[in-house]
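First, one chain by itself: the form predicted alone, in C-alpha cells.
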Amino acid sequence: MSKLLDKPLKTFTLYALFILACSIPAYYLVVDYIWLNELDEHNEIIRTRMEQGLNDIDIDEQTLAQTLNVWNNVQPGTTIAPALPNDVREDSIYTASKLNIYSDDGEIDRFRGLQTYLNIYGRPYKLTIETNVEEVDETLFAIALITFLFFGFLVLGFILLNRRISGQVWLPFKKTLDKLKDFDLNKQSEVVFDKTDIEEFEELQTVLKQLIQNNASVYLRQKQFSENASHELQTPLALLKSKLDMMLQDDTLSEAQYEKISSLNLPLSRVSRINKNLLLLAKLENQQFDESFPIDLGALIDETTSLLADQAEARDISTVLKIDHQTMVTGNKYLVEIMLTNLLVNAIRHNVSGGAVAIDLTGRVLTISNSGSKPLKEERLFQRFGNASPDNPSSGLGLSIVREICQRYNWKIRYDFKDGLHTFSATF
C-alpha cells in the first residue's frame, strides 16, 4: 500500500518525464535552426571579404588566376572560378550530406553551402562555400544527455521537497491521527486537537469533534441502559429461579408437568448468566474494580483448573499443565480469576469430544490451546454477542469480558488457529 504523498509525486514525475522527452526534438530543431543561420551568416561574411579583398588589391589577370588557384587548393570547402555572364544566377543556400574527405573515418557529414557570384574587376566569378554542420546524432545525444541529467535533478528535488514540505504540512494531520488512536470511548475523555492554520485540517478536526461527541453520548446512554436493565432484571430473575425450584419440589406434580418446568431451567440459567456478564461489563467500564494486588498467576491457574475439572471430564477432555510458578501479575484477583475461567470454559466448550486443553505459563505469556476442527471467526471473537462459532452457541460475552480485563491492565490478548489447535495468548 502506497502513501498518500507518494501518489502525486509519481504522477508529477511521469508528467515531467513526458514533457522533458517531448522537449528533446524541440530543442534539437531550435538549436539546428540557430546553427544553420549562424553558418549562413558566416558564409556571407566570407563572400563579402573575398569580393572586397580581391577588388582592393591591384594585380593583373594572370596573377589573379594564380591566386584563385592557390585559394582553391589551400581553402577547404571553398572554390572560386570564372563564370560566363550568362551563367550568373541568384544566390542559393543548401544543405547537403556527403563524404567528408578530410575525415579519417570516411564519415558522411552535413554541409551548409552558399553558391553565389562575385564581380571581380568587372568579371563574374562563381563562388561556392561549404561549411561542416554539427552531426545530427551528436546533437541529439548531447541534448538527450543533458535533458535526462536535469530530469534526474528534477526527480531528486521533487523527492527532497516532497519530504520536507509534507513533514511540515501534514504534521497537524499526524497529530490528529495520534489523538484518535489514543482515544478510548470507555474513558469518556475529551479529545483536544492541536490548533492548525490549514483550513482543511481545521474543518476535519471540527467534524471529528462533533462525531466523537455524538458517539460518546450515544455510547454513554447505551451503557447506562444496559446497566440499568441488568440491575432491574436481576431481582425478577432470582425470584423466577426461586419459584421454579419451589415448584419442582412439589410432590403433587405429574411427570409431564415436572419435565415442562424443568425445561425452563436451561433458558433461565442462560438469561441469568447473560445478565450477570452484562453487569460485570458495566462495572468494568465504570472502573469499579480499583484495588490491585500482586497475584500468583500459577497458583490461580491451578485453582481455576481444579474448579473446571468436572466440566472437562464430562466431555472427556484431558488437561495438560505447564506452569511457571514464579510468575506474578498485579491486578484485581476477582477479575483475573474471571479472565482465566472464561478462557478455560471457552477452551472446553469449543473442543472436540475426547480432545485436550494445554495450558502453558512461561514468563509473562500465558497460552491456552484446545483441539478444534476449524478456526473461529476472529473478527467477531471479542465482540459482544458475537458468536464466533455456530457449532457451539454461547452468550457471546465471555471473551468480551476477557478483552475488557486485558485492556484495563494493558495486557495483550490474541487468537491463533494452527495445526488443528485454537490458541489464546495473553501477554502480561
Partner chain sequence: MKILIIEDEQELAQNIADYLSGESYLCEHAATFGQAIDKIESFSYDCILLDLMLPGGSGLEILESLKKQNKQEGVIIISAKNAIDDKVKGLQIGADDYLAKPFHLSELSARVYSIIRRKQFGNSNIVRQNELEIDLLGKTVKVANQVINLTKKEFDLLLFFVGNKNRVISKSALAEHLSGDLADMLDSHDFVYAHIKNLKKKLNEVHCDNHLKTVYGTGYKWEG
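Note that the coordinates shown come from a computational prediction; the quantities given were computed from them, not determined experimentally. Residue numbers count along the first chain shown, from 1.
Just so it is clear, the following notes concern the form predicted together with the partner chain, a form of the same protein that is not shown.
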property: Among 348 to 356, 167 to 175, 209 to 217, 293 to 301, the region lying within 4.5 Å of the partner chain in the predicted bound form by heavy atom distance; result: 348 to 356
property: Partner proximity in the predicted bound form: Asp310 to the partner chain, non-hydrogen atom cutoff 4.5 Å; result: yes
property: 4.5 Å heavy atom contact, Arg163 and the partner chain in the predicted bound form; result: no
property: Distance check, Glu255 to the partner chain in the predicted bound form, heavy atom within 4.5 Å; result: yes
property: Gln205 within 4.5 Å of the partner chain in the predicted bound form, heavy atoms; result: no
property: Met328, Leu149, Val320, Ala238 - the one with a heavy atom within 4.5 Å of the partner chain in the predicted bound form; result: Ala238
property: Among the candidates Ser97, Asn265, Gln287, Asn73, the residue which, in the predicted bound form, approaches the partner chain to within 4.5 Å (heavy atoms); result: Asn265
property: Residues in 211 to 247 close to the partner chain in the predicted bound form, defined by a heavy atom within 4.5 Å, in order; result: Glu227, Asn228, Ser230, His231, Gln234, Thr235, Leu237, Ala238, Leu239, Lys241, Ser242, Lys243, Asp245, Met246
